[in-house]
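Only one chain is included here, represented as structure tokens and corresponding to the form predicted alone.
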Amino acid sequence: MPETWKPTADIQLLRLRAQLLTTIRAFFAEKLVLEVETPLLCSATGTDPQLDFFASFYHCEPENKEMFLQTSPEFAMKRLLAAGSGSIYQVCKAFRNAEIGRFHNPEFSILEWYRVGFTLDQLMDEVAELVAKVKGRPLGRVNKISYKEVFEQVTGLNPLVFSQKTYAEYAIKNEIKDAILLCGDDHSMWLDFIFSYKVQPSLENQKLCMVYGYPAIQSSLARINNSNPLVSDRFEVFIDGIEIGNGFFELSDAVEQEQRFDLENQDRQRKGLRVIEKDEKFLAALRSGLPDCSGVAIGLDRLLMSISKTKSLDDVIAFPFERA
């Protein structure tokens, strides 16, 4: 019987994790970006139907209320930005239910930062700068490519204009027939499925790749592009084909954000998922005025996997879910 009290990560990798955190803090200190802490246990959570959450209950008579472990510190950090914090970063834990595997652990470490006045391209450059710093060497060529370009290169499909017939024909031809039943007429699900199974593997030989200009239907908390309403100002970061980060030119319009919450809740209802109360504190912060800024979240456990050339999160986390 395995000794389940022991950590799965080697002590040398735990030392490497400590060094990673030291390097990150030095990187942002040099740039005068403020380190902050925000609550992980909050009274609200996001409505994204693709993210499941952990709920808990606070008991202190006469008050009893449901609380949520955060899937990311984003909402609270934007409340600080709206209050005039300036550029900020945070290293913390995040929690996502129903996610476990080689690249997923329900509790994971995240680095999230926001740069006031930065364009999305400036933020992508800073991500590349940070990755080079923590890896301790120049990166060589950093590939920046639009979602539409890489999707069309690999599949021949236009990701911005949906044709269920064309997508289904592609699925049959490329032996991913499960997508037809799973995705139905949901354009966003088709994009996720095809990107994961066909497009993302094509990025495996690229040390650092940033895919930008995600379809507007996958905008999440990003603004819609001013020049093309079919595209959002969002990018994802890949190292050796593994997704490690997600960045936005942040949506600041409270009315549009509330509309997105409503649409996501409608989607949750269609899928038989729980409808989530909107985070009114976050919406109030947007109404007060969020400065123009770009932000990104980086999965530190996956980044550590890349630095250490290990194969699983279990190799870099002291006590993963099964041993927690």
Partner chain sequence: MARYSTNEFKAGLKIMLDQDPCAIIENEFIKPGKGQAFSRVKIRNLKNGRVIERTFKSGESVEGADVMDIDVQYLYNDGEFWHFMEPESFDQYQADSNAVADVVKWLKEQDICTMTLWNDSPLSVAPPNFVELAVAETDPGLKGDTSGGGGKPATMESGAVVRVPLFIQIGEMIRIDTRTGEYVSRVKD
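Positions refer to the first chain, counted from 1. Given the structure is predicted, the values throughout are model-derived calculations rather than measurements.
Below, we turn to the form predicted together with the partner chain, even though it does not appear here.
Stretch 96-104 is the answer when you ask which of 120-128, 136-144, 96-104, 83-91 has residues with heavy atoms within 4.5 Å of the partner chain in the model of the complex. Only one of the listed residues (F151, F248, Y167, F75) places a non-hydrogen atom within 4.5 angstroms of the partner chain in the model of the complex, and that residue is F248. The contact with the partner chain in the model of the complex, taken as any heavy atom within 4.5 Å, belongs to L51 out of A44, L283, L273, L51.
Using a 4.5 angstroms threshold between heavy atoms, T155 stays clear of the partner chain in the model of the complex. Among residues of the shown chain, F193 is one whose heavy atoms approach the partner chain to within 4.5 Å in the model of the complex. Contact annotation: R234 falls within 4.5 Å of the partner chain in the model of the complex, judged by heavy atom distances. Although the partner is absent here, D185 is not a contact residue: none of its heavy atoms lies within 4.5 angstroms of the partner chain in the model of the complex. Across the proposed site, V199, Y212 and N228 without exception lack any heavy atom within 4.5 Å of the partner chain in the model of the complex.
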